[in-house]
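A single chain, nothing else alongside it, follows as structure tokens in the form predicted alone.
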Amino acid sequence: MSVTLSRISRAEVLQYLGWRGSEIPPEVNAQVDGCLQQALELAAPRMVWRLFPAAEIPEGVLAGADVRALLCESGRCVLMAATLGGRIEDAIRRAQVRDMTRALILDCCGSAAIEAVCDAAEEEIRSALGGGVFLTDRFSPGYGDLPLSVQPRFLEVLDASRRIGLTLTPTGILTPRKSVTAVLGVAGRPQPRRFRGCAYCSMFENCTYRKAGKSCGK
């Protein structure tokens, strides 16, 4: 199904770029504004999700102690996948040929955009489940000790290739690249929000803020 993306957090984009509390040059501000607008125009967000009783999660989808801890109070869980589609990825590749600064900013806009799509998808899931339910944090393959090796089975269970065009490269990378898979627990009482830290972030490898020895605090 499609998801509405009406805005992308400018503050989040700046955090990904490494600016926090420092003055931003006017030319960078202008580039950020332009890339935000371009990302909104190019994004074609879609998502898919399925609900399972915790005792009936398909084999091979989840593994590790971290996700077991996440779901310890959840009688049900949701598997979800979301993507921005391929047009923004194409634009990033084109920008890399001409202007690496613009390519980096556009890439950060895409990362902020897919997070916004996941937030919107989570709200749709919460609404569909009705009152009296509480969701855990999203937890994705690659976080903690949930291995990336579960991705093929994860996408298979969601029929993500057919339904939203989300596939894996031979090396296990989601494509389109600005995509997310995640599990959420469904519990009967509010669940703790966990500080996930840099090791749990999809921007871990490319975040200039982290490389400068800082954290965005997410």
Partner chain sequence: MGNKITYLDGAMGTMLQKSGLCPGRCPEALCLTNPDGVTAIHRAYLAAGSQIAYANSFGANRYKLAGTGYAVEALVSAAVACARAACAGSGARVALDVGPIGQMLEPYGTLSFEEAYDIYREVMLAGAAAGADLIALETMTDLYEVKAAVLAAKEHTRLPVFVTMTFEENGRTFTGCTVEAMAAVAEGLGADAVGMNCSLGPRELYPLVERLCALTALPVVVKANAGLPDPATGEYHITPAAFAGEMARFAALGVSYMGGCCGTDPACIAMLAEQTKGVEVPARCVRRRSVVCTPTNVVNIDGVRIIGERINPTGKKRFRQALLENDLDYILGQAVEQADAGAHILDVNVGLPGIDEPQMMVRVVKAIQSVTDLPLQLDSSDPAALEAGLRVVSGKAIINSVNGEQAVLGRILPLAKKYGAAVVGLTMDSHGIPPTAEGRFAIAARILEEARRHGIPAEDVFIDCLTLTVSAEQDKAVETLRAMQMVRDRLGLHCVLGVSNISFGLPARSKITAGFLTLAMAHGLDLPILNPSVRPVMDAVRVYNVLYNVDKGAQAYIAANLGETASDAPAAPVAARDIPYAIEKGLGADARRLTAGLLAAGMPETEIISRQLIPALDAVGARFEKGEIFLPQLINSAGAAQEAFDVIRTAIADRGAPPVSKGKVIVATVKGDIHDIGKNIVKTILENYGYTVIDLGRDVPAETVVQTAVREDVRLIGLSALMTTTLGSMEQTIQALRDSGHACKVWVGGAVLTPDYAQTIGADYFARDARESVAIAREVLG
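Residue numbers count along the first chain shown, from 1. Because the structure is a prediction, the values reported are computed rather than measured.
The next section is about a form of this same protein that is not shown, the form predicted together with the partner chain.
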Partner contact check in the predicted bound form: of 130-138, 115-123, 101-109, 67-75, the stretch with a heavy atom within 4.5 Å of the partner chain is 101-109
If we test each of A187, L168, L40, I57 for a heavy atom within 4.5 Å of the partner chain in the predicted bound form, the one that passes is L168
Discussion item. Can you tell me if Q191 lies within 4.5 angstroms of the partner chain in the predicted bound form, counting non-hydrogen atoms only?
Written reply: no
Even though the partner isn't displayed, in the predicted bound form is I92 close enough to the partner chain, meaning a heavy atom within 4.5 Å? yes
**OP:** Tell me, yes or no, whether I164 is in contact with the partner chain in the predicted bound form, where a contact means a heavy atom of each within 4.5 Å.
**Re:** yes
Taking heavy atoms and a 4.5 Å cut-off, does G86 contact the partner chain in the predicted bound form? yes
Contacts from 128-157 to the partner chain in the predicted bound form (any heavy atom within 4.5 Å), listed N to C, are L148, R153, E156
